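Two forms, one protein chain; structure tokens for each follow separately as structure 1 and structure 2.
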Structure 1
Amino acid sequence: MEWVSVRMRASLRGRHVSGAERIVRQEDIPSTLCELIKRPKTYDQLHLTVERLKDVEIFRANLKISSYTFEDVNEARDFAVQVLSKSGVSEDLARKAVNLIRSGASPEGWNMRGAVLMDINTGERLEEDPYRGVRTVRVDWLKREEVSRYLTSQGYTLRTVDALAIATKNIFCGVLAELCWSDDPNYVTGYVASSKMGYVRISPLKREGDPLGGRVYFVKKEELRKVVECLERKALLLDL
């Protein structure tokens, strides 16, 4: 059966403002394009990519979701460090990851265009381009509407639907643990994900109005090539 990757990215004055993707059947391309072009509130350029996929694997998503809310950012970040520690990351490296995202992980102290790759044993940064990092793409839910309905009925947001897909693909590809919070100044909930701890939502991982965010993927250096190839190229449809 043939599947197609439909991707949208939009920018304003050279800055990325919105991105989304779907993996759909040929006959659903027009409606998907119509849906995706409505997503960015404002932009001066919008790019659409429609790409036929050769091999798509279907994978059962099995990350348990939990949510924790704290009085302040420092407590929430300490908790994220604990969850990373329980996922096999040393406390030092977990703090290093928090500090990287907090202060902007690109060399200019701003957001990267993708995720940091960090060696889980040494803390060495492994991404080729520290402004770009690596992006998790070619992933979607097999039954997106059903999953969205289910997760929103449980009190989760549509953001969680997308972030859970990324986190699940990351683990599938060999990412051992992930720390994430958004660069959206109005969205302060982030997460730690790992196969042992599941998808742990944590709020507030930053202060309201803070424009910095990012992702750190903990990986084994010796698996780097295989993991990056999987994150960027492998097409994965998630079943719940």
Structure 2
Amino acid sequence: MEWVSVRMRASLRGRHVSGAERIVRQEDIPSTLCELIKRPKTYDQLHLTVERLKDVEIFRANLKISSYTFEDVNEARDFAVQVLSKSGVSEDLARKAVNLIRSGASPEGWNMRGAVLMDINTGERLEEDPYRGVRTVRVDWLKREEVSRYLTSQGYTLRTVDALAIATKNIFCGVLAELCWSDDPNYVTGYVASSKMGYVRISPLKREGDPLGGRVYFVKKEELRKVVECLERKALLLDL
């Protein structure tokens, strides 16, 4: 069966504002393009990529989902640090990751297009391009509609569908732990993910109206090339 990756990236005044991806069959390309171009609320450039995939692996997603809500941002971030610590990240590096996303991880103090790569042992930043970072692409659910119905029936949002897919592929590729919260000013829930702790949703990891967000992937420096190749090139369909 032939699969196609359909990806969207939108920017405003040179800054990333939205991105999304689907892996679909040939006949679903038109409807998928129509869906993705409606995602960004505002932009001055929107890029669409349609790519035929040669090899697609099917992998059963197995991350346990849990959710925690706190009274304020500081409590939520402290809890994120605790979850990262239980995932094998030192407290100092966990707080460094929080502060990177909080203050804008790119050199200009804004959102990166992709994720920060951080050495889990030293805290060294490993991404080649400090504006782009690394992007987790070529991943989707084998039965997206079924997964969407299931997760929403459990009280989760449609955002969780995509975020869980990305987190699952990250761990599949060798990311040891991840910290993420959205750059959407109106969405304040983020998560920590690791093979040990699962997918841990945490709210609020930022204040409403804050446009800063991003991801930090904790990896081993000696495995960097293999991890990046998997994140950016490996095509993965997830079964629940």
Ligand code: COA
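Residue indices: 1-based, along structure 1. Only the largest set of C-alpha atoms that superpose within 1.5 Å between the two forms is called the rigid core. Note that the coordinates shown come from a computational prediction; the quantities given were computed from them, not determined experimentally.
As for origin, structure 1 is the form predicted in complex with this ligand and structure 2 is not. With the core held fixed between the two structures, residue 9 has its Cα displaced by at least 2 Å. In a rigid-core overlay of the protein, residue 196 has its C-alpha displaced by under 2 Å between the two structures. Hinge angle between the two structures, smaller rigid part versus larger, from C-alpha superposition: 9 degrees. If you overlay the core, the Cα of residue 42 moves by 4.1 Å between the two structures.
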